[in-house]
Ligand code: HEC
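To begin, one chain is listed below as structure tokens, in the form predicted on its own.
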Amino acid sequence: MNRWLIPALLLALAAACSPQSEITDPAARGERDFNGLGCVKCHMIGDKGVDWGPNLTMLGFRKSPAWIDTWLKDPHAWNPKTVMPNFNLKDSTRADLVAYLSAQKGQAWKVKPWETPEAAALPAAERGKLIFNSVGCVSCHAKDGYGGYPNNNVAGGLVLALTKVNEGYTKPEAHQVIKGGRLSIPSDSTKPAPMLQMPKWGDKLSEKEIDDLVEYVFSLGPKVAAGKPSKDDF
């Protein structure tokens, strides 16, 4: 037998019997923990998970790493009405989850939910509603756009409702706001800036997709928030 063959076989056997190498990438560890903690039982990323809580496929685009970290540290400190439990995560686990979730900017979708043949046949407002829920607008503006989601250092401490957009904007104006985003105005210039901002959806959505969103928003009428705990957070 070749004198080099035996050492090579021994090394291969040792590698096969050794424990799995530790995951060194924080985002990969975060994905492992996201699945292991059961987050997939409430949330979807791409086509995996359960569509009960907000879709997180674009979480990293619409919310900052700092906010995600604040939320995971204590969801009820940000929103007392949320039904999401506090997992009392270790700092290292929370950091890995933040790395994974911050990286989610739509790439996990093989086919966007509003691009299926079924969705293509829907009226524009219905397709806009699907976009609204899928990309996560619902997580700040709430179901049917009635608002009430907390934000720090803004007037009233809440994200505005969308139920009267059609009274203050034309459709082209609303399109431009969605496309270009909007900074939240601090109510106190001496305090930290609001953590939730309107992202520039024009970086992720086409003109037609934004038009569909506008049609949906303009279809909303005044709603009264029920005041019950909401699953539409994160």
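Computed from a predicted structure; not experimentally measured. The first residue of the shown sequence is 1; numbering continues from there.
This protein has a second form, the form predicted together with heme C (HEC), left out of what is shown; the following refers to that one.
> If you check in the predicted bound form, do L37, I178 and L205 all have a non-hydrogen atom within 4.5 Å of heme C (HEC)?
Affirmative, all three are within 4.5 Å.
> Check each of A124, L160, A108, A103 and return the one that places a heavy atom within 4.5 angstroms of heme C (HEC) in the predicted bound form.
Spelling it out, the residue with a heavy atom inside the cut-off is L160.
> Is K129 close to heme C (HEC) in the predicted bound form, meaning a heavy atom pair under 4.5 Å apart or at it?
No, K129 stays farther than 4.5 Å from heme C (HEC) in the predicted bound form.
> Might T70 be said to contact heme C (HEC) in the predicted bound form, defining contact as any heavy atom within 4.5 Å?
Contact check for T70: no, nothing within 4.5 Å of heme C (HEC) in the predicted bound form.
> Is there a non-hydrogen atom of N153 within 4.5 angstroms of a non-hydrogen atom of heme C (HEC) in the predicted bound form?
N153: no contact with heme C (HEC) in the predicted bound form.
> Examine G145 and determine whether its closest non-hydrogen atom to heme C (HEC) in the predicted bound form is within 4.5 angstroms.
No - in the predicted bound form, heavy atoms of G145 and heme C (HEC) never come within 4.5 Å of each other.
> Looking at heme C (HEC) in the predicted bound form, which residues in 135 to 158 have at least one heavy atom within 4.5 Å of it?
Contacting residues: V135, G136, C137, S139, C140, H141, Y149, N151.
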